[in-house]
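Before any questions on binding or motion, here is one chain by itself as structure tokens, the form predicted on its own.
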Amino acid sequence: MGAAQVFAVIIFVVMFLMIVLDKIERQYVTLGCGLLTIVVVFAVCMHSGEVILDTLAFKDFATAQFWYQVTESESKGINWATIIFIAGMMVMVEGMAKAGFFRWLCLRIAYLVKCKTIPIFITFMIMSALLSMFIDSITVIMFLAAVTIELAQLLKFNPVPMILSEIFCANLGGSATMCGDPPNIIVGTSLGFSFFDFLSNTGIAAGISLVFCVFYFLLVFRKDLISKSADGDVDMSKLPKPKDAVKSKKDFIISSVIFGIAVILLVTHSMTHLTVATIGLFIALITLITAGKGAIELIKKVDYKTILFFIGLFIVVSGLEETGILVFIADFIGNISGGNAMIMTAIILWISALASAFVDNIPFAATMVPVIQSLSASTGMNLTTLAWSLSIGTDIGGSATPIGASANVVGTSVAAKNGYPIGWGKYCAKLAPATLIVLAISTVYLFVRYL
């Protein structure tokens, strides 16, 4: 192993450990490690200015296929399409939140089921999964958890089971579409999959799993959900009205229309050939234009820390790719599986899930995409099967622990802030078994459908 490979691995391992320890904000960790990769690995060890330019990938912006793509091409270095898409969706979501869209939706559903605890529990789980198919799960959980606690205080039930179920279903729903979870965006933009590719593959697995999960959570949480007011009718007059959540009718309608446009563009992008970069930029622009004077406020609310985190991450992963480490890992997986398609698929699924339970699934997905590409090239294994295994594993595995996915951290933080702390024991006791159930279902699904 050469010096460049050694330093690339060291930098990557240090980055992972520092992200897990969470002592320094993660965007500083990845940017610092990215800078080390450029200087130590690319400049000092490899003496290659060309590799540095390929990794920074600024030239991609000037190519027509970055914005309009008929045939897929290999993307190296920083995946700017992913970054622009995520930033665009962030702007749209902030606009929807400001208009009161999420709060209105939650209250509307609560009223439709007469504010009965069990029906609210079921509908909020399903809503969490459905919303997370199109909107970042962090945003979905942030608003769902807040509204859940408000309803719990009014209806006298324990909100913790509902919040835990919402977290799990948000991660599950996010696995169903390309825009549902950051790992899927990375897999989709890197390998050229469309919204419908995900929906018709991982989406089916997620749909089957959701049915089992609703029954599982009803079984394990039923006693906790019994409302003190369950014997009598709920006094609906004391509850906030859905219309009160809408701060501006005009803004509400505009944000709903923009959301509809985003969904249509994502669903049809394989036919229109518009890339996710184009869609993300377009949605952000129309959101800002319609916001008028409020545009500056929306721009300020964008999570720039996450965007910077991605930039540094892609650079570090490029260090592993350019030095051949990822090819080595792919060969290792190919060797231990003996070229057996079932073993290979199971390894990718379960290792992805196990890793994502303890480390951020975003860097893991970014690392594994070129690994499965190398694995497919060396063994002849179908790349799409490996891609769905990776996507499901990274999305679902993160649900097993409180630190496995960003939605978990946000949901438990909102609960704790409102006087409902959720410790590791309580979290893992309920959600780790649910994670294993979904992984088992997904394993069978992958075997039956693809192998």
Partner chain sequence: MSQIIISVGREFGSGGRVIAEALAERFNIPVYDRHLITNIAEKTGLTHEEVEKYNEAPKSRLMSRRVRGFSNSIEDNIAEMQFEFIEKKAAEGESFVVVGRCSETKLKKYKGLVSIFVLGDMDAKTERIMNLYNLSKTEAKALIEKKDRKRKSYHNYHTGLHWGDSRLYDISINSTRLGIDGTVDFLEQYIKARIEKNN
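Numbering follows the first chain given and starts at 1. Computed from a predicted structure; not experimentally measured.
Not on display, but discussed next: the form predicted in complex with its partner chain.
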Which among 30-38, 384-392, 49-57, 421-429 is in contact with its partner chain in the predicted bound form, heavy atoms within 4.5 angstroms?
-> 421-429
Check whether residue 322 has any heavy atom within 4.5 Å of a heavy atom of its partner chain in the predicted bound form, and answer yes or no.
-> no
Heavy atom of residue 405 within 4.5 Å of its partner chain in the predicted bound form | yes
4.5 Å heavy atom contact, residue 136 to its partner chain in the predicted bound form = yes
Heavy atom to heavy atom, is residue 21 within 4.5 Å of its partner chain in the predicted bound form?
-> yes
Stretch 401-417 - residues with a heavy atom within 4.5 Å of its partner chain in the predicted bound form | 402, 403, 404, 405, 406, 409, 410, 412, 413, 414, 416, 417
